[in-house]
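Okay, so here's just one chain, in structure tokens, the form predicted alone.
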Amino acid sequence: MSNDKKIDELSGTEVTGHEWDGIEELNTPMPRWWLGIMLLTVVWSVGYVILMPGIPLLNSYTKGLLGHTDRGRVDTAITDMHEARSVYAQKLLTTDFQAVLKDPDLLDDPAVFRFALAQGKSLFGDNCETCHGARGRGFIGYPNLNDDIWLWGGSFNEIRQTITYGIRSTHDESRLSIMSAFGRDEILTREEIKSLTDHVLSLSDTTKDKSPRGATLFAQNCVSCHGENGGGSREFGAPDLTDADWLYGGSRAQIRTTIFNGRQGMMPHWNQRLSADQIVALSVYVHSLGGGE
């Protein structure tokens, strides 16, 4: 066997002995820089496996000498975030937003208000949009938070109380009101409910025919909450029947259904799900939607 190496005449490079249609393969060595990088990656991979989690086992994996985990990084990041937010959270609890929202110049640190709005918007999206809709526009049966119509008041403190304790919720401090089911509970006859419906319609629409019988029934059954002229009362959460804005719909059929079956909508209390500073931030955001007083 000959040990003589065959050299390509043109390039001066050794050939491998492989030939295709008269074309011979050159045995060109890899560049040293490329070999160096490959060797470096091998060394790096060995070091990484030793220091970091990397090798899967049957029911676990190697932890690495550094004990690094992505879960640990996330926990650390969350802890740092809460520490950074705690400063503003404390300021939320000590700021008189009832006064600040009337006179923004009273706020020493504008960043506190921006923080409240940002956090409140996030909390609203997570907890409130399901019922009140995007940006609190509301649906039938769920109040629009962008207007100036508030059953229980739209000041900052009143909004915070509603969010904290809810309406007709299970909390002992929850606000309560009763809209009787005049038909279902047989308080009024169907004919009386028809007359009462006609009267309620005429309160907000002067083109509707007035019903003397309905007016009498209204005075006997509804004035204690809605007032003599149907203007409503925040003390009882009774809506104004003269403004043509209807939570459950203002058609004849919808108003009749309300009178017949009553309405007992429930707003949950949030003081067990949200912290005190989160409730403040959420109250600031709801107030800012456009309907806050």
Partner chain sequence: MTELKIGHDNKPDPNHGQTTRKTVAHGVERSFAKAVSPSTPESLYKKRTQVYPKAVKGTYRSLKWFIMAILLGIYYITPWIRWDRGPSAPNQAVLIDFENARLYFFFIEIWPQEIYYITGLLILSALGLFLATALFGRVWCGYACPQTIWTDLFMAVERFFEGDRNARIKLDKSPWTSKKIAKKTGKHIAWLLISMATGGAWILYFHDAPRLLTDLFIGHAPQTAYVFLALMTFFTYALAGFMREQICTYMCPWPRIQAAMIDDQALNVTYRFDRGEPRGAHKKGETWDGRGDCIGCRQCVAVCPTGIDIRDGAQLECIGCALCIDACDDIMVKIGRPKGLIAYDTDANIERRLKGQRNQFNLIRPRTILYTIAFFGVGAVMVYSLLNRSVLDMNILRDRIPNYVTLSDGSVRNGYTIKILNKATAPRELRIDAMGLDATQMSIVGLKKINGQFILSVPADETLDYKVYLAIKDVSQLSDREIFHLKLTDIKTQENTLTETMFITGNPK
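Positions refer to the first chain, counted from 1. Quick caveat: nothing in here was measured; it's all calculated off a predicted structure. The term rigid core refers to the maximal set of C-alpha atoms that superpose within 1.5 Å between the two forms.
Heads up, the form predicted in complex with the partner chain isn't pictured, but that's what we're talking about next.
Using a 4.5 angstroms threshold between heavy atoms, D147 counts as touching the partner chain in the model of the complex.
Put simply, G67 is far from the partner chain in the model of the complex: not one heavy atom of it is within 4.5 Å. The closest non-hydrogen atom of F113 lies within 4.5 Å of the partner chain in the model of the complex. Although the partner is absent here, G22 lies well away from the partner chain in the model of the complex, with no heavy atom inside 4.5 Å. In the model of the complex, every residue of the candidate spot (P29, D105 and S288) has a heavy atom lying within 4.5 Å of the partner chain. Segments offered: 53-61, 258-266, 32-40, 222-230. Contacting the partner chain in the model of the complex at heavy atom distances within 4.5 Å is 32-40. A heavy atom within 4.5 Å of the partner chain in the model of the complex is found for one listed residue only; from R135, K91, R168, K194, this is R135. For Q264, a C-alpha deviation below 2 angstroms is recorded between this form and the one not shown after rigid-core alignment. Comparing the forms between this form and the one not shown on their rigid core, the Cα displacement of L40 reaches 2 Å or more. Superposition on the rigid core between this form and the one not shown places the CA atom of A238 less than 2 Å from its counterpart.
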